[in-house]
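Two forms, one chain: they're shown below as structure tokens, one block per form, named structure 1 and structure 2.
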Structure 1
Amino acid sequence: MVEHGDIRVVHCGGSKINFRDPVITHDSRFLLCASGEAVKVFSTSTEECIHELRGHTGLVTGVLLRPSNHLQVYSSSLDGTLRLWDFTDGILIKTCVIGYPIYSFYASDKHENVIFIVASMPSDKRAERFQLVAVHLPQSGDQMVEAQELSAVLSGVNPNPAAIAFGRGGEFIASVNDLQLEVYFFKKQKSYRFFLKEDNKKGGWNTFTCVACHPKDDCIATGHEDGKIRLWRNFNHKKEYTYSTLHWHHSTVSSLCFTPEGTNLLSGGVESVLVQWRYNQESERDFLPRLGGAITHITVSPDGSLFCTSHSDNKITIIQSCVKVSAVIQGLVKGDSIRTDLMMDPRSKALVLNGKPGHLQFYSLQRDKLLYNLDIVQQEYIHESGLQQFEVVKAAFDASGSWLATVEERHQKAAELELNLKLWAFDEQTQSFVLNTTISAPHDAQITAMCFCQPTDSQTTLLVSTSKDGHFKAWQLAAPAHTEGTDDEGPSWLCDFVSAYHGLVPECCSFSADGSLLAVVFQEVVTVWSPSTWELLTTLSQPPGAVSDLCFGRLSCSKYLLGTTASNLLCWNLLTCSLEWTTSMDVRRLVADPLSENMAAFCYQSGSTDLFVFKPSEPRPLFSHKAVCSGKVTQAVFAPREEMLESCEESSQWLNRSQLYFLTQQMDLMTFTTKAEEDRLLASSKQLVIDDSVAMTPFYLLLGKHRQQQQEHQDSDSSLWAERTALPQTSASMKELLQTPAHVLPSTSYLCSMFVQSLLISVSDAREEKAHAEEEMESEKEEEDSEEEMESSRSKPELAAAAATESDTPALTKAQARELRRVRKLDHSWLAGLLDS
């Protein structure tokens, strides 16, 4: 058995991008958001992820622009560090070690070199209590520093970032928690607390949920669970405070944000409607409805030109100030439960699973981007609790990706189960799936499993479904019936075979790799059928217990059939129809690699899940990893790699052809990576990449990647610029300039003066060039005079012959004549010596 060694479990593409408030840069060109253990940088115009800022070893809990430098950004993490980045180039500048997990953090212009963090500090009274702490950043040139000066500001705060806000550029700070509003004034070093009753007279809940401060006036806006918004004024006097109430939301207000000028207040909640309130004219409101999932965060760009909303369906919507959607950045949608298995689309290599209600989402793991949503139910989803609607519960692809089968069901309290089986054909023109056949009530009870047969040349496409009604059915693709007077509507699906086994309920089914065998599990009995004749070939015995998962071996292990029970992993030999081996383990998910003989078994034990990778023909596992995650793993899939890895280590050879992905109980998508893969990604992320969308400034022309190409295409005689010496593009000094952190470089004024001087043309250089050109003209004139004297000494017959020859040939240009004279002056004696020898 090989232990995990240098293989570790990591969050892969598809991490949450709605976990914390996103940040829009000052020029409104980029959007930054926390995503797992990284910070993603998106383009607000193209929606593409430009690069990721990686370095944290824990969950990133916040992103914040540095107040003193708009091209740099801070990030905080549960690993207890603050990191400073140059987000345009993706370079880590400095790491500040705090020593405590950071849940949220804040900064203001009036507090230079101070970051306010919310951390969990141990206290005598409670095991854990959140405090707002001021961290004075050390002024050191080292890349790794440790914060020594920490001072507590507020205690008992809410770790939610929406519960704390700075007012008037940092003069005071407002914090809400439960039924209390606390305002702390830095100048007075005094705080005022305001309390509300748990519910009001009309039964509404007054609990605070979020807070925002007006950028210029002494006004604090708070959101509440009952949908109300309160505007607090005169709060610097505890007994004379006042507040006014705004009410449009029917449920909890999740986020509030003022525009930079303070002219508008933005609010959002579960209604998925962005409400824009006019400040001091609250009766005037603008609405932007139907944004998708519930709004969780609202952000405004520093110049006020863009709004940004995060949604519960892992989506970020970029909105223009005219309340018009301009871009949508969609992440992997993770609902409360994934009913379908994790699947790979054979055509696009995309991960396929439940997405929006009634949809399947196709998510590219390579690009970490949603490709598209396929509407399966094709009905409008109504957001109302307790309302039963159609849900996609099963899905399966055929081996070529030409067909997709889906099952949707709906439970009504007073009615029977509604069930639809739909077959979708891939359309080459639209590059998507089109509904081909809908089968209403394909079974009398819930469908437990379904799978496609990989057809050979002589077989037609076959789909098998099993149900709790005790039957399994085979659906076959049939050619259309050609009748006169009707149009050819193409092939459709029909029921070809129905069978049962002693009234037992079939739980799962699986086809062999070549499609010659079908295995169907009827509780404790495994039956093997021939799809060509639908003859029951044999039944396989096993220890007591219902078989919950079934999988055929691949390639050299195709003679094996594996199954799982609540306490055992079983392997049958199909040649001898006997049990080959069994081992005691609680396997929750068994997955086969389609490109090798390897299989992965996820086993639940002592509150966590262990992984075993093995070949059915070998007695010992190839790889094992204890506690890959807490809780249970119910969905997993092997994804074929675009490029095969060349790993020689025994512990990681099973990852060469395919990559294993799995979904945890917390709906986190995880995968396994090797140290070699991480080193390669880290090296590529450190390379300086200048975006093509960077403006054409003189600095871009100096340092841009296109400068060398432009200089190669310039005409050497066209202008004085072409004769200037090119700056050293690959010199050690230039590399050092580009890769050195900004805080250790000389001042910008010093570098700028050097740069401007390099662009100026001095008067002395122009005079020298003019004198040099005049000298060349005089030397050419002298050469022409000497040539004329030599030609006049020729004999007349030679002149006549030369004249006759020149009359037949075209006249030479001055440049050609000059080159001809240069060739004549060359010494060709070496050629005569070579011929004589």
Structure 2
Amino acid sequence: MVEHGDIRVVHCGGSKINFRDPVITHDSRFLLCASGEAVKVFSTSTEECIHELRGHTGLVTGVLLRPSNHLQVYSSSLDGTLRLWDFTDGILIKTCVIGYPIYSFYASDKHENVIFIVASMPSDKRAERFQLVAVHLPQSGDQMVEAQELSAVLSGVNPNPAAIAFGRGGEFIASVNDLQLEVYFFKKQKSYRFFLKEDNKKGGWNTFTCVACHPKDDCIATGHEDGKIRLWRNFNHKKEYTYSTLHWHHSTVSSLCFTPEGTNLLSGGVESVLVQWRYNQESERDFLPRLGGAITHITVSPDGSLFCTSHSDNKITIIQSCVKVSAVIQGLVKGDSIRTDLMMDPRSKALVLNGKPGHLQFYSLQRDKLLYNLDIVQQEYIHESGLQQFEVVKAAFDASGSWLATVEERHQKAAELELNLKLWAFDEQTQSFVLNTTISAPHDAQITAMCFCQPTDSQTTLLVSTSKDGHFKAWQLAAPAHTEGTDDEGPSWLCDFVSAYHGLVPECCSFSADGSLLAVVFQEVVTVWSPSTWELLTTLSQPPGAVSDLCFGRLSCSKYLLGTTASNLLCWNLLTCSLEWTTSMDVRRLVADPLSENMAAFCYQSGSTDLFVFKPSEPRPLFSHKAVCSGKVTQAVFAPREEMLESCEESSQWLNRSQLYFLTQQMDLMTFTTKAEEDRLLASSKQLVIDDSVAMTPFYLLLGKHRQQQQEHQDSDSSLWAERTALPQTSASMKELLQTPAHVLPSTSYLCSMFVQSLLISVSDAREEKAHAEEEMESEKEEEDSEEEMESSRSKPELAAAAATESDTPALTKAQARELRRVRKLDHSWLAGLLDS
């Protein structure tokens, strides 16, 4: 099998935005946060992602404003580089190669051109793995520099970025690890260590979790696992140090932050309550409760007006002056486990999976944005570990996306399983799902699988659920039986058919593409039923091993039924009811592309997962990729593309119609991308970089784009005539028209002429073309000027006067004449009034 070099596994959207603490810029307009391999720049007011700073090849592990220039930002990454960016325009200014993976990094005003990084040094002892290293940044103008001056400051530090903080004005640095607080004074080059006992008698756990330093006073605040906050003072003495304890949190304090003036201390933890302690008056505290998820990071804007909390459900909340939540930036919610499959909503083409506890989330992959959360459980979630609460465990869409079925369960120890099957209808008016039917206890035991019939003629919708109680049930939409009591209730779902097979437990079920067959797996036996008559058509069995996943072939391969066992991938021919072929591989997940015959199988082999894409009818796989990721892959989905890709290469053709997404064991959403696609993306980002060298204004958008286009015209004019006349699609203006987002495009009237122009096959020579372009530009300029004048004429009368005096030169250009006309039209009476007075 051949490895295909041009298809790459990449982190796609939905990466964590709560991985590291975000940064708010000095003007409080932007929020920067590390997200996968990029840094995202969000607007604090509109919550929109403005752009991404791309360039790192590893996970970004930190973002920090450059202390000496607040318009620049540093980012660090596991790829061993520090990069300096201009975040307003998204330009990479400098890359500094360190050579070691950077886990977190710190900078301070006092230490110019020094960055403190936490890196894992390949040293002898394992306990001292992480070191705090001071890096002197080389002062050269090159884009790419290598840092050579490294000096270790502290060893045995915690790689968690919350575990180290700079003290007052960068005079000292405080680091916590396990049960030890270490304070290093730069001036004296001396460090003090303070230890705590492992636990006290009352059962509290003293382990340090985070640290923050007061910006003005010598006071260090540390958070602990038992929810205590300690304020350390006098720590420049070995013995006479002292601390006071604040205790409100009932479990681990995960983040601490002082406000810039040091008047308040903010803390947060699992309780999802932001606590604000008055500094030196700690008995007074304010709370901002119900933030929706455990707080992982807290940051404060440099002017102290905005607070920002990251939450464990991949969310960033922006809070204005500790009272009002002003914005919520929500990423893809990835809990510790995704119980539902990855699914595509057929209507919105959004990825659907478990979101917040008790919710399903709809996530747009194209826009990398959470569309909305659907509350399934409709009960309040209590933020406490160890509580068993309702969880959404299964969900299924029907083919048209008008029905959604969900299963929620709660399994308490020493209590019966609580199970609810809910059916949701899509409401066209509200554009969301509305609860239609709740079936409590649809089965006696856990539901193992659920699927909708996908009929071509959409007369009746059928839902089949299989359960560990040995039954499978078919549910059908039906009108209520007796209409007397219930007046205008619509149709609801009722159980239509119950069946079992030899008391075996059904594991999964699947409908064929045309809905004429239902296959239900009873451990080792695959039973095929006819949904119209509920007749057992045939049984297929292939011992040994229980079949764990089942998939009907599609389109030309619809006569095949594929199943997986622990060691084999099986393919039956439904026409002959016999086994067509089998290969031995440990397939963990089998997914079918709804738009083609392709199937993807994720095989687990010796610690990592391999991917095979194949057609059931063909013996050779279309594509194979060894070691896609480490760990098992149990969830994957084919997402249809918005526009078809035209790849002629054989190995990447399977990616043309739909894209394959999968979740790794580390809960990262990954996808496959081809070289061509990547090139296109890179090109567009490069274009952006050039564009953004000038400040982004509406005028610029009109003018700069135009200029660039003009340049392109010139290029094409002078060099390649033939290509110009070739195809209208290749025209730059066409491309621009189609690719630029609508909201940044100039008015249609302006574009129209350009568009028509580009369609015409030019016969004039280069000069004419140029002159024409110039004229066009002029006319546009006129519009601009008049607009500008409207604004500035009041404030700048001298300028206007100067223009007037200049206008009496004999040879008037077209523009000058126009100017003169405009000036003449201006009302100068106010000036006379001014002179009189």
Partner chain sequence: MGEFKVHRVRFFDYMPSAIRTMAFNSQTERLAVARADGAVEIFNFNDNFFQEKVIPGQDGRATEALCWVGHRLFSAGLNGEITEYDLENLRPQYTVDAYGGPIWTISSNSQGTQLAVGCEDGTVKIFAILEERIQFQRNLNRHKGRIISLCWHPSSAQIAAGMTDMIKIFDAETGHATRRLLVDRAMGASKNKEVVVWSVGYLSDHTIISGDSAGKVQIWNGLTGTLVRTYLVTKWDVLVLSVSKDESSVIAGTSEGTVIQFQFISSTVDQHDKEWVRTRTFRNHSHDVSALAHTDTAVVSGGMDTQLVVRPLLDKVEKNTQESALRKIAFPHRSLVGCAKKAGLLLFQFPDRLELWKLGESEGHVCLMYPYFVCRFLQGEDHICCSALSACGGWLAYSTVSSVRLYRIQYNNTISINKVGTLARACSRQPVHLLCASDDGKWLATANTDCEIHIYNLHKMKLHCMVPVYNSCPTTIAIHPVTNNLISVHADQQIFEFSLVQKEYTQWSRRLQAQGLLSLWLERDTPITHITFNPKNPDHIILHDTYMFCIIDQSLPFPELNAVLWNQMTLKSLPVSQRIGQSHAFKICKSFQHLMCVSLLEDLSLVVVERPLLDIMSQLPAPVRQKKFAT
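Think of the rigid core as the biggest set of C-alphas that the two forms share within 1.5 Å after superposition. Start at 1 and count along the sequence of structure 1; that gives the residue numbers used here. All values derive from a computational prediction rather than experimental measurement.
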Mark the structure, either 1 or 2, that is the form predicted on its own.
1
Large Cα shift (2 Å or above) at residue 290 between structure 1 and structure 2, core-fitted:
no
Classify residue 241 as shifted (yes) or not shifted (no) between structure 1 and structure 2, where shifted means its C-alpha moves by 2 Å or more with the rigid core superposed.
yes
